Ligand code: C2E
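There is one chain below, alone, in structure tokens, taken in the form predicted on its own.
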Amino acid sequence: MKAILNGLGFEKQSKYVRDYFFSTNMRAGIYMSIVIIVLEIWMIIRLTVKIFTDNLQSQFRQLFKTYYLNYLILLFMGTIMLVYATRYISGKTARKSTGMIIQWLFTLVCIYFGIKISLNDYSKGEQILTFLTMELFALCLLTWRPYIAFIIASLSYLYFYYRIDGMIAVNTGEHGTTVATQINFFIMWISTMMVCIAKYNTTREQALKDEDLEKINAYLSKISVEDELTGIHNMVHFRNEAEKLLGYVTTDKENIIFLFFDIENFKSYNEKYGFHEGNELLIKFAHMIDDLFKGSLVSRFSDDHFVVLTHVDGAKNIIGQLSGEIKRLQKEVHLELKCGAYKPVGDEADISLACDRARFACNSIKKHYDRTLRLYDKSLEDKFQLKHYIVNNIDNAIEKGYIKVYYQPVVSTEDGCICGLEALARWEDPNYGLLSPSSFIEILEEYRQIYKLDEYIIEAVCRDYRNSADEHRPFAPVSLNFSRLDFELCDIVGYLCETVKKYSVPKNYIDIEITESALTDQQDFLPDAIRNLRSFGYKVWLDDFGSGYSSLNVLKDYHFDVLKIDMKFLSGFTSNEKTRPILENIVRLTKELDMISLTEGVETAEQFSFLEAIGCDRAQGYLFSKPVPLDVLREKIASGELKISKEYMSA
């Protein structure tokens, strides 16, 4: 019952909600008044032209009373509404009592105008659209409490109905309204009320949501200097205070250092003991840092990461103490404390950059269990600069054409001919020269920019196919590597379909490679994406099979067309006696699962002969060709160094 009463506008509104409704109406009032002003000026001009063209000057008094006066009243009221609403929205006036009076007058004048004009139209056998329009204008575009809208609508509809019921209908010659008119009138009234109720409740819900957000923002502002979980300072406080500290003349800048801490293997600790235990560990560690670095700036950076701005003297000893404390807290999961350090040079005062460099130093010793501390130095500076160069210049590299597509052939073990190509990105940079994928792929993934590269590669490959087809030159089906982030950050499947259609590329010329590791992150959107790709006619490959820990589960849960066996299997081909039976069984498994087998990393004729003997369908590796530009690949085919299947001799 309470919900119904609230929905009809009987609830007590907070000041925020009342102000929200008023502001919403003022914005609506601007649009409404502009439309009204334009329409009324047009109607006045139109009527004036008609008077002179039809020689109706003798009827001016009657026309003025019937039309001009109503036009001018509505025009005047619309102008007042526009002026006030504009001033209110722009902050030039805050007198809402005046605005409410204007809103009421504006509403009543609109309805009055609709009644006057439509009564005149009805008397001539025309439609009553002006009345309906003004009802919708005044009661539906402006947001009223439903019970108020009910009163206004009911009174205006009843009055209008009373007036036309006392008139003689021009089209029938009968006195009063017909049953059909009565029914239509009731339906119009009901419709108006339904729209009013819906509009009110939609606006009310949004107002309540915004009010909740305001409360949350107020709460966040209150705790803006404190980390909610650990109780130590957060990064907002850290940055503000660090900037002040570096700006003081009295600060000994030669003796300060930024430290970035990371608890390595914390994710495993969380998984084993649960988030509650993980949070308890973070709280304990946070207070350890705070206690040991007394008088220094200490903050939680994010997750299990912490930053400290402290003196160089004694910092190394404290880091050693903290490392020991972490090992004491680790339980059965092995935890390691990693610390990156950055010492500002000269008058450097960019806090974010300093923290980023300390973090970069910290990340450089991850998985190095013999190291706890790494100082940011020249060698890391070069890597750091390259990292930021890649992130900041990927758009420019794509625009200027520095990103090139290299193709590595995939050959059939049956005849040694090219039966496919893998598209790989190379960055030919004017400053850094040729950058291999290992230099920029992981960085683009870290900064969630990888989709830009992959969209560019899709476009370039489709364009290469179209050029080859138009010139009747050889071109084999191409496999494209998709990152897990592609599906998360953009509609990569939609983009692929649009581009393939744009260049008229047959679906059997585009295959999609998805790495096994991407499927172990338990992302719900990947199964749907893979199904969509296959339903659209694309073959989907499982890349790097055997490099992860859940290969068989992946084969069980997903359907792939091609299984691409990771090159690591061939790395011990001659020395490890287990390699051959494992490969043989994997190939046999692919046949049982109705998949095509492809082994990458083939470097010797002996390896290729073995793959042919065990029935592996395809092979890829340096034995045949490194990744090369399309024109170089064509030269190799033309010279006979590489052979391509006859069906692909002309795209």
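Remember, predicted model here, so these are calculated numbers, not experimental data. Note that residue numbering begins at 1 and tracks the sequence as displayed.
FYI, the form predicted in complex with the ligand isn't displayed, but the following is about it.
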query: Contact residue in the predicted complex, from Thr310, Thr413, Asn481, Thr107 (heavy atom within 4.5 Å of the ligand); finding: Asn481
query: One residue of Glu241, Glu226, Asp544, Glu459 in contact with the ligand, assessed in the predicted complex (non-hydrogen atom, 4.5 angstroms); finding: Asp544
query: One stretch from 89-97, 344-352, 231-239, 536-544 that, in the predicted complex, holds residues within 4.5 Å of the ligand by heavy atom; finding: 536-544
query: Contact test, all of Asp464, Val505 and Leu633, partner the ligand in the predicted complex, heavy atom 4.5 Å; finding: no
query: Contact label in the predicted complex: Glu422 to the ligand, heavy atom within 4.5 Å; finding: yes
query: Glu584, heavy atom within 4.5 angstroms of the ligand in the predicted complex; finding: no
query: Exercise: Pro437 in contact with the ligand in the predicted complex, heavy atom 4.5 Å; finding: yes
query: is_contact(Gly29, the ligand) in the predicted complex, heavy atom dist at most 4.5 Å; finding: no
query: Partner contacts in the predicted complex for 593-608 (non-hydrogen atom within 4.5 angstroms of the ligand); finding: Glu600, Gly601, Val602, Glu603
